[in-house]
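Okay, so here's just one chain, in structure tokens, the form predicted on its own.
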Amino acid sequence: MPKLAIKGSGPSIWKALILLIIGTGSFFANPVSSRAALEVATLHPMVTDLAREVGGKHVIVFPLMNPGEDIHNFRPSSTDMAKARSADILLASGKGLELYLPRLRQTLGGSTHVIEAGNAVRSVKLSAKDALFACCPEHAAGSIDPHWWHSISGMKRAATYVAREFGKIDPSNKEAFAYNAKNWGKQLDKLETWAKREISKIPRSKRYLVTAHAAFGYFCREFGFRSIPIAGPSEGNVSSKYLAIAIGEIRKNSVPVAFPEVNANPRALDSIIKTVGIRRGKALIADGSASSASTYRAFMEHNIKVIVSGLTGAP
């Protein structure tokens, strides 16, 4: 078989070809494989943790909201908007939580991919007819509870969904994202097992959760509680008529404790506590995180410990 002849072939030609291959990685290298880490801007502390867990070393995360900020009153600044526009991905919580998201999406154009992590989780609709709610704020009936991250199983589904979406944007790291989501899912399985063991200390007949606003529907669905929220999913004013309904439900079910929330106005809840004469529990983290519990695991552990100790009377 005749050898392939290259005009001017010699040691210098082959040396140049070898250097070319080494410099480029391969003649057939996928150009995406050499891309820098994905830049991900996040709009909620819990999805910030989600992005880091799923993305691992293949992402750089820019939180636009810091732990402890009020998610219902947050509005992105001009600096936040600039970060979002320069990012590859804008990761939102979704389910209508970010009221400004449609407008923000329009300003981004097509350069930034918008992912709503909550799309992976079945929605809870506020309804007095739903067994999750002992009663329901009339002004919020029919609306969607956007606080999906209170469900551990929901967070696992969100991780799988986000990994798949990251993989579409960066196919070269698709398998790494899937592996990270699966690995985090195993850690969340352990968290869920611990949570169920702790909550089993509360008799099912005593699982009533009185909170400042309707943020715990997903938690109640997951762990067999009934919710008595004092305000709707985004707080706001509470009518005297609804306060009377909530007080009636608390008395009828002999609920021993009401839980305030970090960043929530305690006035209506304190009024009920005084009127009914029940205990005031420690503050729950409802809307995302606190500076003392900035990761998802710390957030869930805090709430479950507070709820269990409050409803069992344990120290």
Partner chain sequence: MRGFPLLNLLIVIAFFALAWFPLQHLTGQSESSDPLQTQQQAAPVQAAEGFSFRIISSHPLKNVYLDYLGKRLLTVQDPGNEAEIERVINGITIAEQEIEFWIEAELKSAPKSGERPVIQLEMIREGLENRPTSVNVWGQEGESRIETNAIIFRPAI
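Just so you know, these numbers come straight off a predicted model, no measurement behind them. Residue numbers count along the first chain shown, from 1.
Note that the form predicted together with the partner chain isn't included here; everything after this is about it.
Visitor: Although the partner isn't part of this model, could you tell me whether K57 comes within 4.5 Å of the partner chain in the model of the complex, counting any heavy atom of the residue?
Guide: Because no heavy atom of K57 falls inside 4.5 Å of the partner chain in the model of the complex, the answer is no.
Visitor: How about K168: is it within 4.5 Å of the partner chain in the model of the complex, going by heavy atoms?
Guide: K168 lies outside the contact set for the partner chain.
Visitor: May I ask you to check whether S200 falls inside a 4.5 Å heavy atom distance of the partner chain in the model of the complex?
Guide: S200: contacts the partner chain in the model of the complex.
Visitor: Taking heavy atoms only, is R75 within 4.5 angstroms of the partner chain in the model of the complex?
Guide: No - in the model of the complex, heavy atoms of R75 and the partner chain never come within 4.5 Å of each other.
Visitor: Could you tell me which one of K174, K196, H113, K83 places a heavy atom within 4.5 Å of the partner chain in the model of the complex?
Guide: Looking at the other structure, the residue within range turns out to be K196.
Visitor: Please pick, from S239, Q106, T79, S205, the one residue with any non-hydrogen atom lying within 4.5 angstroms of the partner chain in the model of the complex.
Guide: Going through each option in turn, the one that passes is S205.
Visitor: Just to confirm the contact call: exactly one of 63-71, 285-293, 250-258, 43-51 touches the partner chain in the model of the complex at a 4.5 Å heavy atom cutoff, so which is it?
Guide: It is the stretch 250-258.
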